[in-house]
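Encoded as structure tokens, the following chain is the form predicted alone, with no partner shown.
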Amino acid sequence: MRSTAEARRVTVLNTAVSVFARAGFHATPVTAVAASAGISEAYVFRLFSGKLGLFVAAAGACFDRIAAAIEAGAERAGGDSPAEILEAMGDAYAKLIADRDLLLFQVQAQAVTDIPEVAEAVRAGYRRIATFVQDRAGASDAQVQQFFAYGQLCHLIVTAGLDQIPEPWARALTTGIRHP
């Protein structure tokens, strides 16, 4: 059974992903995360080493969710070829980023990679995901690069609402890309 602190930590991290997703690192006070989580700011500071520690931990939690989703996707693959496994992982990721907060948190985290601790957390998350994708799918470097390129294109399509724009330039970017 989880201790109260462990359970609260998970709650605060899930809440932090959502709250930071809306306004980013610089514009989000810890009080906003605490209020949304239903706990005191002082308790957040007991769980995390300040705002930066909270944000870095939230980035880790975000990548944990991505890893779990693509691992589950790989298990559902219709075959054993790298292409089939990558497609299943991509589909799982597309369903995951239907959670707009998770998607926007990733964008916000990438926007503050000028902060060394955030940059390291983002690199560690991508290192973990890229290594898993390549190892699990048996994919080549080029296939992994394409997998991530499509993922970033999905971010653009979803955040900018490009799939809702009936113009040739938007269709050129969205054709063949599926989102739940």
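Note that the rigid core is defined as the largest set of C-alphas that superpose within 1.5 Å between two forms. Quick caveat, the model's predicted, so the values are computed rather than measured. Throughout, we count residues from 1 along the sequence that is shown.
The protein also exists as the form predicted in complex with another copy of the chain; that form is not presented, and the subsequent description refers to it.
Can you work out whether V10 and another copy of the chain are in contact in the predicted complex, taking contact to mean some heavy atom pair no more than 4.5 Å apart?
V10: no, not in contact with another copy of the chain in the predicted complex.
Though only this chain appears here, would T31 touch another copy of the chain in the predicted complex if you measure heavy atom gaps against 4.5 Å?
Output for T31 is no: heavy atoms all beyond 4.5 Å of another copy of the chain.
With the partner left out of view, is T131 within 4.5 angstroms of another copy of the chain in the predicted complex by any non-hydrogen atom?
It does: once another copy of the chain is placed as it appears in the predicted complex, T131 has a heavy atom within 4.5 Å of it.
How about A67: is it within 4.5 Å of another copy of the chain in the predicted complex, going by heavy atoms?
A67: no contact with another copy of the chain in the predicted complex.
Across 117 to 133, which residues bring a heavy atom to within 4.5 Å of another copy of the chain in the predicted complex?
Stretch hits, in order: V122, R123, Y126, R127, A130, T131.
Honestly, after the rigid core fit, is V19 moving at least 2 Å at Cα between this form and the one not shown?
No, because once the rigid core is superposed, the C-alpha of V19 moves less than 2 Å between this form and the one not shown.
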